[in-house]
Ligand code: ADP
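Take a look at this single chain in structure tokens; it is the form predicted on its own.
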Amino acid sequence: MVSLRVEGLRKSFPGVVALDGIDLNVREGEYVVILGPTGAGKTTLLKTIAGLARQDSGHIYFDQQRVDTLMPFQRSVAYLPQNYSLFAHLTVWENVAFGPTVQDWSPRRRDQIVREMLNLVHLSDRRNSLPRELSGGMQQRVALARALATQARILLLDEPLRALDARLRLELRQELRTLAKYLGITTLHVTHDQEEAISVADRIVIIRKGKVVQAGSPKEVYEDPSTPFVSNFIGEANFLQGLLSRVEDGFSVIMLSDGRHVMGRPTNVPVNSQVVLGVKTDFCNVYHGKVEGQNSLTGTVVRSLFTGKRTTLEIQTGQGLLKAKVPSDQSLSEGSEATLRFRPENGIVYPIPNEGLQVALEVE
């Protein structure tokens, strides 16, 4: 197993800064998901680590060895691109054997590793099939087996489940993690799918506009998002703007535009500052009719979106449109009067972003 360290990585294209001083540490055998919106720099980061793109500045280390001066084939990296890039005229066996063959392995060693990889991805019975004869999920597994057959030290996965249908994505994302852990290979998995990231990652690194905005365990980035953007990008959140008027019983008290007060977690933001209170839609409860009490906001249900066990309610209040994800058996009909409530410990207080809240929340 090998660790990965990226220091001050910068990469620009005409008119675009793709990587803006990225720092990243990945421990031996760790499964790290790089999460961010389209255009955040995720693919550029992987290609730079793989040696397929040359950084403008910064360094890349595997363990303590600097590798950014090495050619791609010298880095011992397995890179799985978004489109799989299988050789259409080669069989499954020949695709997986391609890397070892190019590296001039002995036929015995080559055949042994190919058999092992096909067994791992459950495709031994399709060894003589061509890519066009396989389903999308099977093609994905062939591409993975081909990448792993080179005995690489680091596995780079670029949107590996993007082309698959929803049900197959659910099945294969756990297979990917299980396989990487079984092989003990250090893995970077790029995606823009928040649910996928949370379900497979040891640690999530969120990047936006070429910069790391937060890194932590799935639980940390979900429950303690560092910015309004992260709060809304990992899941979905409501935001209330107001004045931080005081601290009471250890909680922040925010006065909203209509004079109503709500409470949130403690903050380092000075009293009498304009702030944003963010609360996840998952942490909001909804009650029928007008309900008084702490952190209660009453309005009218304008939309009810059924998604199975959960229903998303959109409630028009004096503070704007707020959302809550509630059990479907507790849902309210459109047009109903409803009160949205949340616990103070679920409200995170942020300073007003310099660029304004709406710009700060934009997904490019």
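All residue numbers refer to positions in the sequence shown, first residue = 1. These numbers were taken from a predicted model, which means no experiment stands behind them.
What comes next is about the form predicted in complex with the named molecule, which is not displayed.
For the candidate set S333, T307, T69, T38, a heavy atom within 4.5 Å of the named molecule in the predicted complex is found for exactly one residue, namely T38. Note on the partner interface in the predicted complex: the residue among T339, T311, T44, Q55 having a heavy atom within 4.5 angstroms of the named molecule is T44. At a distance threshold of 4.5 angstroms between non-hydrogen atoms, I22 is out of contact with the named molecule in the predicted complex. None of the heavy atoms of L9 is located within 4.5 Å of the named molecule in the predicted complex. Among heavy atoms of I352, none comes within 4.5 Å of the named molecule in the predicted complex. Contacts between 261-279 and the named molecule, taken as any heavy atom within 4.5 Å in the predicted complex, involve no residue at all.
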